[in-house]
Ligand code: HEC
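Shown next as structure tokens: one chain only, the form predicted alone.
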Amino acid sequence: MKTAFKATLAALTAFSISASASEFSDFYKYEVLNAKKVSKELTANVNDSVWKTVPGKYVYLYPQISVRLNDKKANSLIPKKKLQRALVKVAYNDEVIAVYVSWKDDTPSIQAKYDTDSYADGVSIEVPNKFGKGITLPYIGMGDENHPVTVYLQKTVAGRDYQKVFVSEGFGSLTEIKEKGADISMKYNKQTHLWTAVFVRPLKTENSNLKAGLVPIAFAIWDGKFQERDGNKSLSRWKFIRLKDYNVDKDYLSYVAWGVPYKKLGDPARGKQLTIQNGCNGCHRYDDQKVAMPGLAPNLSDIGGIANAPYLKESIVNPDDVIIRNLNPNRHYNKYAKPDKFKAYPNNDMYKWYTVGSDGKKHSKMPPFAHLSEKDINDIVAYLKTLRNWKDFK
């Protein structure tokens, strides 16, 4: 009797695990990077033989056009950019984690040491300083005030090893730090036309602890040929490293996997009509909706490529959770106001994406749309996830 009970319990447990794995199979297939546990020392050497044994997965990066650049020439090059693809591998041991990133580039660019008109190729990764159950995903563009991130950056600058580590809370907030144990290398192969970079950092640092079953990570690549620098780059959405030494929190898994695959989430055609009916096109530019003034709010033309479905949902129902800082907030001036003693006009606050309350906290100018039904939200997110076009950027 006991044997039969144990057999039944084992079968039920196996079924439960199988059902759970099936429920999130698309998420694991498309959004998860499986890290390999190794016993050897991990370094930033891009030619280390360990990378021949680590499985990889391709990650796609989209030109970041959520903000309008203050550079006419660079803006004109955006429609000419292509979808970027990078091969990513992850290895770890008991002390450190190493991330390998490789991508094709037929025109390697190295920034001259004292030249302001040449631009470097570069790559970065970012991880949230805090993540897990009950913590929402940061803004993909270098975090936000409520969700800071750590950014690891390597660029090709003549005469120097340009590797840096920053803590960031959004555009214009990078604070360089010295992180013990962090190292980055980047090398070009003339035969294969591939850049390869390796990032190494301790699993646990002062700012973040990556000892978890699912670790959010995002990638950015700069192509000097297109005059890319700062916020002008190609960007991935949040991906998730699976470290098998650590348990996956089921609640966090359910949260980050929501909306994958987005094609099963809702009706994109109805979602588009709902964005128009609810006035999204009054501030945002996207798809064929171009009536809003450029810069009034983030451009959503490729938001489906760089934003995860949970982030889009939260942005609709609780936009105050993630406050996006403007890039170059001083680019718009109110010429109807009185100039100061230097004859400079004040900023036009209409183009600022947030307000500051009496409590000193920033609040999104976008109102919450919590009144929408679950179906409405699913349809809108399903539509937003289809927006992956930068070719008609203006």
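One rule holds for the numbers: they count along the sequence shown, beginning at 1. Just so you know, these numbers come straight off a predicted model, no measurement behind them.
Omitted here: the form predicted together with this ligand. The next part is about that form.
Taking the partner from elsewhere, Ser208 is found to have every heavy atom lying beyond 4.5 Å of this ligand in the predicted complex. Residue contact check for His284: one or more of its heavy atoms lie within 4.5 Å of this ligand in the predicted complex. Although the partner is absent from this view, Lys365 contacts this ligand in the predicted complex, with a non-hydrogen atom inside 4.5 angstroms. A residue is said to contact a partner when one of its heavy atoms sits within 4.5 Å of a partner heavy atom; Tyr92 fails this definition for this ligand in the predicted complex, lying far away. Shown alone, this chain has one stretch from 161-169, 244-252, 292-300, 177-185 that lies within 4.5 Å of this ligand in the predicted complex by heavy atoms: 292-300.
Proximity to this ligand in the predicted complex holds for all of Gly279, Tyr311 and Ile323, with the criterion being a heavy atom within 4.5 Å.
Site annotation in the predicted complex: the residue of Phe219, Tyr119, Tyr139, Phe199 reaching within 4.5 Å of this ligand with a heavy atom is Tyr139. Among the residues Ile316, Ile110, Ile78, Leu265, the one placing a heavy atom within 4.5 Å of this ligand in the predicted complex is Ile316.
Heavy atoms closer than or equal to 4.5 Å to this ligand in the predicted complex belong, across 367-381, to the residues Pro367, Phe369, Ile380, ordered by sequence position.
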